[in-house]
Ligand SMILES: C[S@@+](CC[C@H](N)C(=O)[O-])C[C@H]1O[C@@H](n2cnc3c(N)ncnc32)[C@H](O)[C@@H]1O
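First, one chain by itself: the form predicted on its own, in structure tokens.
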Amino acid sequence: MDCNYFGKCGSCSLYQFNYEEQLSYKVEEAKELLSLKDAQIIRSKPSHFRNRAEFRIWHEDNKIFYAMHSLQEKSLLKIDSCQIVSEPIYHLMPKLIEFLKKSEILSHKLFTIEFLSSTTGNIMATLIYHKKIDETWLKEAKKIEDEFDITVIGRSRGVKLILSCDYIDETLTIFNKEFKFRLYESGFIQPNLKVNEKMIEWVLDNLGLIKNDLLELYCGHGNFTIPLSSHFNKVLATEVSKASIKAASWHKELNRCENISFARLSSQEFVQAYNKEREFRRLKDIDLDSFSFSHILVDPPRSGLDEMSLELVKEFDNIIYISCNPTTLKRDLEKLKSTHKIVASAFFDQFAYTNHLESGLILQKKSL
């Protein structure tokens, strides 16, 4: 990837390497940390791979520019393009900034622009201000939607103005089968959607013999839940975020996945319910005793699994562990190895040119 800002912009910390070199550097470190020799490597596109990106806005001489945090200094760096964002965002960026420059209402005290794109080319731009925005701004912002055929949202302190909707439609293609999703402005999504598709395919490729039901903790908006559901008799998926559960329930209906039950619970709360230590009204329509789980899938935050959840996970015959932090994965793996063996592993390069590397493990309970 040829970028004028390598070594200057703080977004790409591994700027000194080409794509294959930075991937090899990260993978070798993760292999040594996790003692994995034969992990599958899931590569990203070498450029234009990020479907979500955020840029600060620099104001100078009554003009505005995109900016990123500087790699070397505690300051902002003016930029006019970004090679890692998806091609739809890349092509929109210069046109949008020029459009905004012509409008005092749209450019005054504009602080940040967040972009979100789908693999099918839909784009959302969220404009964030250090001023109050109102109906006057709304009318002016409608011109952006009309000009570029994108979805626009405005934010200021305590205010969110939606022009048409607060999501864009997305289609994930998993082994030639399409799954419909809505990517919400405030919801969590995988930032590299093409690697995300490959990540789901890797899980499906390594499920092994399917016997019964799937339990999923930290399900988000159903990114794994929906594609995996057709491979199990029933699925129970939990997530603490109200917005994510609402989106997941909609995706269930959109894809006609009738065998999924979603519950808004933290992982600790689910453990308490599963062990019959506590009852939750949020589970009143779900009979936990009706499930016969053969697999559990966990995709925890960077902090990894808490002690309660880890003890629960150890009870399952088959574990699918997706991790965004090799360090906490190593910690959890040390405890899981007492009861389980690794049968498949992979690294997913979601964040090329940074030190971040996602991991996937499939573990099976050891024979007595």
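The numbering used is simple: start at 1 and walk along the sequence shown. As the structure is a computational prediction, the values presented were derived from the model and not from experiment.
As for the form predicted together with this ligand, it is not shown, yet the points below apply to it.
Although the partner is absent here, Phe224 sits close enough that one of its heavy atoms falls within 4.5 Å of this ligand in the predicted bound form. This ligand in the predicted bound form is not approached by Asp317, whose heavy atoms all lie more than 4.5 angstroms from it.
Contact check for Gln190: a non-hydrogen atom falls within 4.5 Å of this ligand in the predicted bound form. Using a 4.5 angstroms threshold between heavy atoms, Leu265 counts as touching this ligand in the predicted bound form.
Val240 is the sole member of Val240, Leu138, Leu288, Cys257 with a non-hydrogen atom within 4.5 Å of this ligand in the predicted bound form. The partner is absent here, but in the predicted bound form a heavy atom of Cys219, alone among Cys219, Ile153, Leu183, Val203, sits within 4.5 Å of this ligand. Partner contacts here mean any heavy atom within 4.5 Å of this ligand in the predicted bound form, and among 296 to 304, 43 to 51, 24 to 32, 330 to 338 they occur only in 296 to 304.
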